[in-house]
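One chain comes next, on its own, written as structure tokens: the form predicted alone.
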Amino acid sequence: MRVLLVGGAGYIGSHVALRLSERGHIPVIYDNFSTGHRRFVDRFEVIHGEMADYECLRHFLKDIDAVMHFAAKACVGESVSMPREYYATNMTDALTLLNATVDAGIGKFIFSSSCAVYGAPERLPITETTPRCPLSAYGHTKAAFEDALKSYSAAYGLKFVALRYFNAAGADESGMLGELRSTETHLIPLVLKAASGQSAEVSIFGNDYETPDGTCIRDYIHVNDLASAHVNALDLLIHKEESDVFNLGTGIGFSVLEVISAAEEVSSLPVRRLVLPRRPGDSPVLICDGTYAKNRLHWYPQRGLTEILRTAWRWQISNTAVEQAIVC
């Protein structure tokens, strides 16, 4: 199948493109390259376009069989202070993509959602039926777009899969792909930057949560495991033609301090820490129950935290010069 990956030159999208091609599909990358990188996807067909450009989307959707939507603003803390930008990109522009998809007669749509839709759930681990109570504009936009997909599915026959990621991390084992941002906000690359000396320390936002060591606990999932789940989701839409929603995580949570300690072990280098106040929008604990994805999507993660850190560290060391100059 020809699959349009909107935001496909980014971190997760580029890994998914590689997995799709390995499974015999044809990835077509649609990206404005504001944060994505051409070198991640130069082996594929690439379209430079905006998600808000309906006419451009309609032109290139003519020979597409399915759409995967990765393009979004995705910083929880920033979304609390800049909700206008998040609703504009993650809702207004994304609805343009959704309308263009339906108008082009495409019936298969896969959406990168987030565990941020759950907020701070009372019960753990989190299942797909856990109530959605977002704490940030980012989480609200993800939940709202899920609702739009359900409405479009009922009205227009669009079949979709929404994948609620927990914390994506790691890098492709080939060394060709990894996290590369001008402004990094994710814990694991920030910890490894501190280990490698690219930064003086790693910031810990809050050490007074009701967790064993006082720091937030998250479920970290390797980016290649996430990528495989997208291919399985496409298979589900091809063969079952039924819409569904899945959590994607390992079911194991690690605190910020545990991640830092594990990174020190993998890198054999110390990491300095700076404790700061809590950030608005952060949940104390987010841990996935992946039972439904295992049974229905026939997917379960293959890699744990050590492998996540090893691949991320290998990427960090080999791309230090590139990260300093961010060459697209």
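Keep in mind that this is a model prediction, so the values were computed, not measured. Start at 1 with the first residue shown and count on from there.
Omitted from view is the form predicted together with a small molecule, to which the following refers.
Only one of the listed residues (102, 190, 252, 82) places a non-hydrogen atom within 4.5 angstroms of the small molecule in the model of the complex, and that residue is 190. In summary, among the residues 180, 149, 76, 94, the only one with a non-hydrogen atom within 4.5 Å of the small molecule in the model of the complex is 76. Stretch 214-222 is the contacting one of 125-133, 214-222, 228-236, 84-92, since its residues have non-hydrogen atoms within 4.5 Å of the small molecule in the model of the complex. For the chain shown alone, residue 156 is not a contact residue for the small molecule in the model of the complex, no non-hydrogen atom being within 4.5 angstroms. Of the heavy atoms in residue 256, some are within 4.5 Å of the small molecule in the model of the complex.
Taking non-hydrogen atoms only, residue 204 approaches the small molecule to within 4.5 angstroms in the model of the complex. When contacts are judged by a 4.5 Å heavy atom cut-off, residue 174 does not count as touching the small molecule in the model of the complex.
No member of the trio 21, 25 and 45 reaches the small molecule in the model of the complex with any non-hydrogen atom inside 4.5 Å.
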